[in-house]
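In the form predicted on its own, a lone chain appears below as structure tokens.
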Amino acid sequence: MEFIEFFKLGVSQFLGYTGFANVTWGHICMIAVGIFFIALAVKKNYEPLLLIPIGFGMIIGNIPFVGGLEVGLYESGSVMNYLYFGVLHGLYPPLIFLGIGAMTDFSALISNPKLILVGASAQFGIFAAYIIALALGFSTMEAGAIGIIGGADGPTAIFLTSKLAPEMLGAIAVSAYSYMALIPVLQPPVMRLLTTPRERLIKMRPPRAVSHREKVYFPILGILLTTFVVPSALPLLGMLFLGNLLKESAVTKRLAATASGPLVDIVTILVGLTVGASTQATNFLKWDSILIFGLGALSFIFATAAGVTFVKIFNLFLKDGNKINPLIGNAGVSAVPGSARVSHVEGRRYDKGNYLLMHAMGPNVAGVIGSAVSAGILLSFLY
């Protein structure tokens, strides 16, 4: 009899530890969202390098368990908690920026410097969302973290939020990466709404050839000009321009290959996985998270609209032959090269011979710099 009672107690204890005994509708909801993200990546090819790690992270983070086993992301001493350290303390974003710099060709921006204004104009979405978040009752630091979603730059959003509002990191990071992946869905309607058929047919002059010397000088001048103005953006911009110098110097090919390949791939996996896992239903499913997601979408739409509208206004001061196709205004957000591809695809919808990709890369890479500068400005004012 004692054995039977012991066996029953053991079975009962085991069943109490299973996910079936601890599952809630919140866990099921977030697991379904994770599966949806994976489906978007596999079926629609929407930024699979982001959505698959994030989606699978959502599944991992919402497997129900009994507290105290040191398996959850928010449990001190767990493996997931150690991996999350790089997100929570802003370690991963500079490493991703190093890889982005090593992968990025700034030639389109160097050959046509006025395109940096397009990238700058798209940062309007950040400050518009900041003002709206303040009006809705968020604190100044929380509003700053929410606003940065409009830059469409996941690493920058993580970096700034880890400083200003770490308690909102999961919601803001998931929002930023989600909207980066959904660029092909969100941006085209705004672009079509704000442009005329005639504007969509504008053909831009081919960008001039950029010399090797110019490419080497650019990251050096870039780091000096940006960080002397906004030193608080140094962790991001320093790594971005270092990565680009490794690439363009042509004498550190092994380092550039490591930064743009294995290093950025490893960090992307870790960021996606831990950001996804941070959506643990007990911590994530709150009214504020839903509101943040909505404000993120609004911020992103404002950024896209600001970029397109700025080009239309700028064209009023440019001579025929030098005008800019407003369809590249959307590329002022930081999602490289996703938003530039959207510019190109939209341009070819109206003229199969209109190749906007290289032109769109100008404001696109300017947006990377602009979002980091905007984060630095917010950090210096609010931190």
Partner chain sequence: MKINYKYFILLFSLLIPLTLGAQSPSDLRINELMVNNEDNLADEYGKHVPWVEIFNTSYNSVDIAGCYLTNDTTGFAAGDPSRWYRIPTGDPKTVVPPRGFVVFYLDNLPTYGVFHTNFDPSEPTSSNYIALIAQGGKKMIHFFEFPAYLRDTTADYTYGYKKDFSLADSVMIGDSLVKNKDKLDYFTPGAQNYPIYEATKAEIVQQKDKYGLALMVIAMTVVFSSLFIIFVLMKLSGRLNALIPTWIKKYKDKKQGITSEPSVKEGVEPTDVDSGEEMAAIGMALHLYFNTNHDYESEIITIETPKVHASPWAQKQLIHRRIPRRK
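Fair warning: this is a prediction, and the values are worked out from it, not measured in the lab. Positions refer to the first chain, counted from 1.
Quick note: we don't show the form predicted in complex with the partner chain, though the next part is all about it.
Partner contact for residue 113 in the model of the complex: the partner chain, 4.5 angstroms, heavy atom: Output for residue 113 is yes: heavy atoms within 4.5 Å of the partner chain.
State yes or no: in the model of the complex, is some non-hydrogen atom of residue 300 no more than 4.5 angstroms from a non-hydrogen atom of the partner chain? Contact check for residue 300: no, nothing within 4.5 Å of the partner chain in the model of the complex.
Please tell me whether any heavy atom belonging to residue 366 falls inside 4.5 Å of a heavy atom of the partner chain, as the geometry stands in the model of the complex. Close contact exists here: in the model of the complex, residue 366 approaches the partner chain to within 4.5 Å, heavy atoms only.
Using 4.5 Å between non-hydrogen atoms, is residue 242 touching the partner chain in the model of the complex? Looking in the model of the complex, residue contacts with the partner chain do not include residue 242, since no heavy atom lies within 4.5 Å.
Have a look at 288, 75, 214, 105 for me and say which one sits with a heavy atom within 4.5 Å of the partner chain in the model of the complex. None of the other options qualify; the answer is 214.
So which of 193, 225, 313, 250 reaches within 4.5 angstroms of the partner chain in the model of the complex, heavy atom to heavy atom? Here the answer is residue option 225.
Considering the partner chain in the model of the complex, find the one stretch among 165-173, 203-211, 80-88, 277-285 with heavy atoms no farther than 4.5 Å from it. Result for this chain: 203-211.
Is the partner chain close enough to 130, 140 and 221 in the model of the complex that each of the three has a heavy atom within 4.5 Å of it? Every residue of the spot touches the partner chain in the model of the complex.
Residues within stretch 357-378 having a non-hydrogen atom within 4.5 Å of the partner chain in the model of the complex: Contacts from 357-378: 366, 369, 370, 373, 374, 377, 378.
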